[in-house]
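Here's a solo chain for you in structure tokens, the form predicted alone.
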């Protein structure tokens, strides 16, 4: 049965500085705190989907170092299958994050072992591909690796969800094998040329992106998201919650979205549920440790009642 999500992507150790505000160029600020957390868009999305209760396989690469051990352990603790998490001599990927008092952040990422991924790393076991219901990709790994995973997925009849993050140019041929596109405002502008200033521009941007494929979601931070599928265009509002850190919220969204799509949920309900999960994640520091399970969302002090009313009872 095709019930598993395959997440192919980067795993990084996040090193986080909490500051009063994001430093200006040439400025030094004294940090108010420091934390280390497992991260990387691919690993984050895998953990988010696994905690949501869906079987998840992760395809990626780490170093044979202490950060690599932390990254592997975090995924396995969340229930992710790491049989295809490769290990080599290149140091594990790392991110340096500055997070301000409002929870906004800026990050620099050192790819490390993630940059070593290539088409030769793709497992060929029939049993694996026969178990996969959805493949999830991002853009923190080499494009050649992503393309090889995407083409193998298409060959096996597996839909591909591309989270085109961070923003960069991607080959036009990719639209032949991508089925779902998820982007934030910055990434959407990079692909469409449309700067999103509000809901009107978001819908216009959506139309531009849907010239390329049929199912597109644009996340809008506190404003929620817009999505299109065929002739359907919908805005799902955001949720007003206190923000500790927005780091990893987009990955929380993608992971839960992928889990719901893989289990057969339609795009609207998958996006609705993922929107709740992303909102819940901003109340904690770090990425993976801020992700929640369905039962935790049902009992969430701020979002639980609304989730139960809008989705479970709706």
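Numbering follows the first chain given and starts at 1. Treat the numbers as computed from the prediction; the structure is a model and nothing was measured.
The next section is about a form of this same protein that is not shown, the form predicted together with a small molecule.
Student: I'd like to know if residue 48 sits close to the small molecule in the predicted complex, meaning any non-hydrogen atom pair within 4.5 angstroms.
Tutor: No, residue 48 is distant from the partner.
Student: So in the predicted complex, is the small molecule close enough to residue 39 to count as touching (4.5 Å, heavy atoms)?
Tutor: Yes, contact at 4.5 Å.
Student: Do residue 59 and the small molecule come within 4.5 Å of each other in the predicted complex, heavy atoms counted?
Tutor: No, residue 59 stays farther than 4.5 Å from the small molecule in the predicted complex.
Student: Just checking whether residue 95 would be counted as a contact of the small molecule in the predicted complex - the rule being heavy atoms within 4.5 angstroms.
Tutor: Yes, residue 95 sits close enough to the small molecule in the predicted complex that at least one of its heavy atoms falls within 4.5 Å.
Student: Can you pick the one in 243, 115, 109, 167 that has a heavy atom within 4.5 Å of the small molecule in the predicted complex?
Tutor: None of the others qualify; the residue that does is 109.
Student: Looking at 262, 277, 254, 247, which is the one with a non-hydrogen atom within 4.5 Å of the small molecule in the predicted complex?
Tutor: Flagged contact: 247.
Student: Looking at 62-70, 265-273, 23-31, 40-48, which stretch has residues with any non-hydrogen atom within 4.5 Å of the small molecule in the predicted complex?
Tutor: Looking at the partner contacts, the answer comes out as 40-48.
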